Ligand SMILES: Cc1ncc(COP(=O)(O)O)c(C=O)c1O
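Okay, here we've got a single chain as structure tokens, the form predicted alone, with questions on binding and movement later.
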């Protein structure tokens, strides 16, 4: 690297690291025949290509004067109306919804709005590294709270907050993925969601609820979001802001999501968007709106569920069939991931190096922990991308390495 250029870097740029997940996806693309459980990739079989192609054509031809023009930074009113229809929240004001360039974009703007360098965000551990990277880019310090089968443990959350606040450390918000959490696949039950909200209310600290996988439920009843609970049961719409994405249900290449929360939070988020993205893709917003309004989305989600449920079942069956008895894993009711724990001192970073030689990939657990607190006997598996046959083959290859 040219030192004359590097010396011009800001401190944040100089210390910035590549995303391990993006790097491993790049590596796996160069290995012919590899079975990859590494990315959070939707299956290409789930993309509604023909419907989207038709809608793009119609939107450009019939609504092009509007959809090819500059758009508003907070997003297209037509899409906002469609989102309120789909989410069954017709009472929501347009100033309570912001369209974003994927949900991570919304998470970044939320963080930008609240965080000064050195401020603290409470998160689950293990945590999704994409969100952690966006938060750290804003100068945040992440403090993790351990999970049990139901997600973040309330008693540990309360004790962590008490300790931090007693030391005058500024805790700005709590970040959770309550549904089919990435990387573990765990889901918070209703009582646990209420408990976390109650603690947030007690300490007057807002929650950022990340819900990218909510629609991908394969078993059990849907649970009300923390965002809805805060509004209906706690009568406090300022307590929880939600971030959602169309990436897992329409296609990540569309780069489309939305955030909903109090205008006091969304207005400065929109100011950041004006400076960074100007506006979300106007044509894509209108296409998504028409997809919802014409009744396609609900049917399409059911098709995705019918596609992914057998793959989830195949992965759980393969793990049960091939893994040694000192290996355990989560049993997700939806989403895209299974979290595996090896109850022996086996380093999964090293295991990955060996696995790549056997043409199978996963993400080591160490990548989901804050620096210095890594757990090295765990790994994440994605089941949405590979076929059922590949899942059985890939899990068998990993189990042979462990055996």
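Everything numeric in this text was worked out from a predicted model, so none of it was measured. Numbering follows the first chain given and starts at 1.
One more form of this protein, predicted in complex with the named molecule, exists but is not displayed; see below.
In the predicted bound form, the named molecule lies farther than 4.5 Å from every heavy atom of residue 226. The closest non-hydrogen atom of residue 192 lies beyond 4.5 Å of the named molecule in the predicted bound form. Residue contact with the named molecule in the predicted bound form: residue 212 places a heavy atom within 4.5 Å of it. Interface membership of residue 173, defined by any non-hydrogen atom within 4.5 Å of the named molecule in the predicted bound form, is ruled out.
Partner proximity in the predicted bound form, defined as non-hydrogen atoms within 4.5 angstroms of the named molecule, places exactly one of 132-140, 98-106, 199-207, 78-86 at the interface: 98-106.
Distance criterion of 4.5 Å from any heavy atom to the named molecule in the predicted bound form singles out 255 from the list 317, 255, 296, 217. Only one of 111, 182, 187, 330 comes within 4.5 Å of the named molecule in the predicted bound form through a heavy atom, and that residue is 182. Taking the named molecule as positioned in the predicted bound form, the residues of 239-273 that bring a heavy atom within 4.5 Å of it are, in sequence order, 245, 247, 248, 255.
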